[in-house]
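Given next, in structure tokens, is a single chain: the form predicted on its own.
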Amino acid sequence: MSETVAPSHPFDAAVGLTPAGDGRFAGHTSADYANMVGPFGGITAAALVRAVQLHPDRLGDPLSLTVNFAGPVAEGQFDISARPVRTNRSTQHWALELTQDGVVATTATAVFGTRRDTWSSDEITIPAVPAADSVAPESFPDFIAWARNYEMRFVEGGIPKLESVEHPTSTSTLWVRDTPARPLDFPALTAMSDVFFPRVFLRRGKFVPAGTVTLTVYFHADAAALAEQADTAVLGSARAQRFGKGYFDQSAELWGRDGVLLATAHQLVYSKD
């Protein structure tokens, strides 16, 4: 009789899925990645990427992912359905749903595909920052459980303190990696794209009710670039474009070794202040 081996890292346990046939996968929320209300959005997005990776019809690796957080995800079991809606020569388009007890909590679309060597050029550059080891790590408040799974070293725009005042800009730049250290892969990169706390916290200098409505991640790295990154820290930077009428947007970049742009992300966030 074979023995089931539990995942050795809390991240792998949190995104662990069991195939249930016909493009469906069963998962379970993880207390390690709990947020103030429901699970950390990044871990939900990572589980959706994992579902496509596990699908027998999957072509290539992720190019983009858009996740719409339609409602709260409750603690407990969930189901993900992953359906390829069209497969072309080099791209494959997916429709995904995360449900609990038959009720849709999250919808998503994803594009996977194969890459080839072409002309390339970056029009943005990595911020000039000190090395990760020269920046002290910073901790989130204890009630934000998911943040304990990341080592975060803020170069600018750190977490607001109780005595904070309004900040003139919403930019945060930080070194981040999983803790315990874990080699970077596509699900982990997806989750890291959402580690940036809501920009309204920094601008207002305080915690206010806020939650992501929709998140899009664009993957610029291929599997070889992620393998080269291994478990070293990634440099992330995020900022908002506009606040108003109950919503704001924020964009982010994630950089790897030698200034390689790994991913960019954009999200719309609801806030009540």
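From 1 onward, residues are counted along the sequence shown. The structure displayed is predicted, hence computed values, not measured ones.
Only in words, not in the display: the form predicted together with another copy of the chain, which the text now covers.
Exercise. So in the model of the complex, does Val155 come within 4.5 Å of another copy of the chain, heavy atom to heavy atom?
Worked result: Flag for Val155 set to no.
For this session: Give a yes/no on whether Ser30 approaches another copy of the chain to within 4.5 Å in the model of the complex, heavy atoms considered.
Result: Taking the distances in the model of the complex, the answer for Ser30 is no, it never comes within 4.5 Å of another copy of the chain.
Exercise. Do Val85 and another copy of the chain come within 4.5 Å of each other in the model of the complex, heavy atoms counted?
Worked result: Looking in the model of the complex, residue contacts with another copy of the chain include Val85, since a heavy atom lies within 4.5 Å.
Problem set entry | 4.5 Å heavy atom contact, Ala240 and another copy of the chain in the model of the complex | Judged by the heavy-atom cut-off of 4.5 Å, Ala240 is in contact with another copy of the chain in the model of the complex.
Exercise. Among the candidate residues Leu174, Ile80, Val200, Ala188, which is the single one with a non-hydrogen atom no more than 4.5 Å from another copy of the chain in the model of the complex?
Worked result: It is Val200.
Problem set entry | Contact assignment for another copy of the chain in the model of the complex, among Ala131, Val103, Ala128, Ala136, heavy atom within 4.5 Å | Contact residue from the list: Val103.
For this session: Run the contact test on Ser8, Leu184 and Glu228 with a 4.5 Å heavy atom cut-off to another copy of the chain in the model of the complex and return yes or no.
Result: Not one of the three qualifies.
Exercise. Among 143-151, 189-197, 174-182, 88-96, which stretch sits within 4.5 Å of another copy of the chain in the model of the complex, heavy atoms only?
Worked result: Among the listed stretches, the partner-contacting one is 88-96.
Exercise. Even though the chain is shown alone, can you say which residues of 48-85 have a heavy atom within 4.5 Å of another copy of the chain in the model of the complex?
Worked result: Heavy-atom contacts within 4.5 Å come from Leu63, Ser64, Thr66, Asn68, Phe69, Ala70, Gly71, Pro72, Arg83, Val85.
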